[in-house]
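Before any questions on binding or motion, here is one chain by itself as structure tokens, the form predicted alone.
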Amino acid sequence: MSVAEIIERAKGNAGISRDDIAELLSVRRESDIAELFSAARSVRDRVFGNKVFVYGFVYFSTFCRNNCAFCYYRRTNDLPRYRKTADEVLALSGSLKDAGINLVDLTMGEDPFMCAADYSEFLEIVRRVRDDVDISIMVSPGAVPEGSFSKFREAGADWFACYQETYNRDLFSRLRLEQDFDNRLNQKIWARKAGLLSEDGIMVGLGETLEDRADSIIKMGSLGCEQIRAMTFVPQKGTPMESMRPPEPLDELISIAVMRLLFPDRLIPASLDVEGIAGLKSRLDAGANVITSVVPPHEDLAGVAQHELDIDNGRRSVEHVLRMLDEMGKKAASNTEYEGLLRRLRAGGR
């Protein structure tokens, strides 16, 4: 089957095989790439129209008890770290809402202080942001016990994000050292059982095969995750993977387009954390409909894949992102529109 035929079958919801998905992920001819991206945009626009959702990012603690082989903030990396107070998180969340975001992503490493007493400190932050700022909330605390999910929902969280990175068990064991594959997979299942919406994600260029990547995309979709993403691996100083050659961002863009064809109604992010603002248009052109890792400048906040890129120069600010959307002929969704989407998602519709 040709690439064009696979794309048409995917667009028509006719069903395609794992091998077909791997074939799409392998495209390199310019005409095939253009056709794939055009199809992804067509599918996205049919479902979501011209609206793009914008997420503010508050990475409020860079302390972590894990030792992931790819992460700059791994436990054994000797570097400066920070932990924001509840008042600081509240102020940052309020300023992001005032600037026009739809959701605030409260992210941390698995900080022992924040994990203590069944996440009491973190839960208090979530409650205060919900009560005082009244904005949709995603929590990204790493892997948590099954009994904690209902507490995050009761505190006011809408989303729970936990990225598997890969569904190849052997590769996972070499990336997320000392962590349990099934426990991390279950995070998505337990979150949805507790009434939270769930986000999963893969990292592209970690040594996986095209078949591995296809399997991961299929699994994220089959879990029912309402938001799925792909992000390019960026080698980090002080990690075992520091000297690995970084992959081309094209693989991430193709993964976004394939996810869009397979799962038309899912939210798919265009992250600013890999190429900064320069990578926004290409990710939207590949079929993304959410902008993530929007970070306010001059607040001593870090990103994840690129902990400094485009932050303090203001290019990842809400204002700059909204200007770029306007230039691209896109429109940022209102909070009322986003809240309506969340209600449909919770009801099982998309």
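What you see is a predicted model, and the numbers here were worked out from it, not measured in a lab. Numbering starts at 1 and runs along the sequence shown.
Not pictured, yet referred to below: the form predicted together with 5-amino-D-isoleucine.
- Taking the partner from elsewhere, residue 158 is found to have every heavy atom lying beyond 4.5 Å of 5-amino-D-isoleucine in the predicted complex.
- Using a 4.5 Å cutoff between non-hydrogen atoms, residue 107 counts as a contact of 5-amino-D-isoleucine in the predicted complex.
- Heavy atoms of residue 190 never reach within 4.5 Å of 5-amino-D-isoleucine in the predicted complex, leaving it off the interface.
- Contact between residue 173 and 5-amino-D-isoleucine in the predicted complex is not found at the 4.5 Å heavy atom cutoff.
- Proximity to 5-amino-D-isoleucine in the predicted complex, defined as a heavy atom within 4.5 Å, singles out one entry of 150, 186, 77, 140, which is 140.
- 163 is the sole member of 119, 163, 263, 167 with a non-hydrogen atom lying within 4.5 angstroms of 5-amino-D-isoleucine in the predicted complex.
- Candidate site formed by 53, 102 and 325: none of these residues places a non-hydrogen atom within 4.5 angstroms of 5-amino-D-isoleucine in the predicted complex.
- Proximity to 5-amino-D-isoleucine in the predicted complex, taken as heavy atoms within 4.5 Å, picks out 266 to 274 from the listed stretches 214 to 222, 124 to 132, 89 to 97, 266 to 274.
- Residues of 204 to 238 lying near 5-amino-D-isoleucine in the predicted complex, listed in sequence order, are 229, 231, the criterion being any heavy atom within 4.5 Å.
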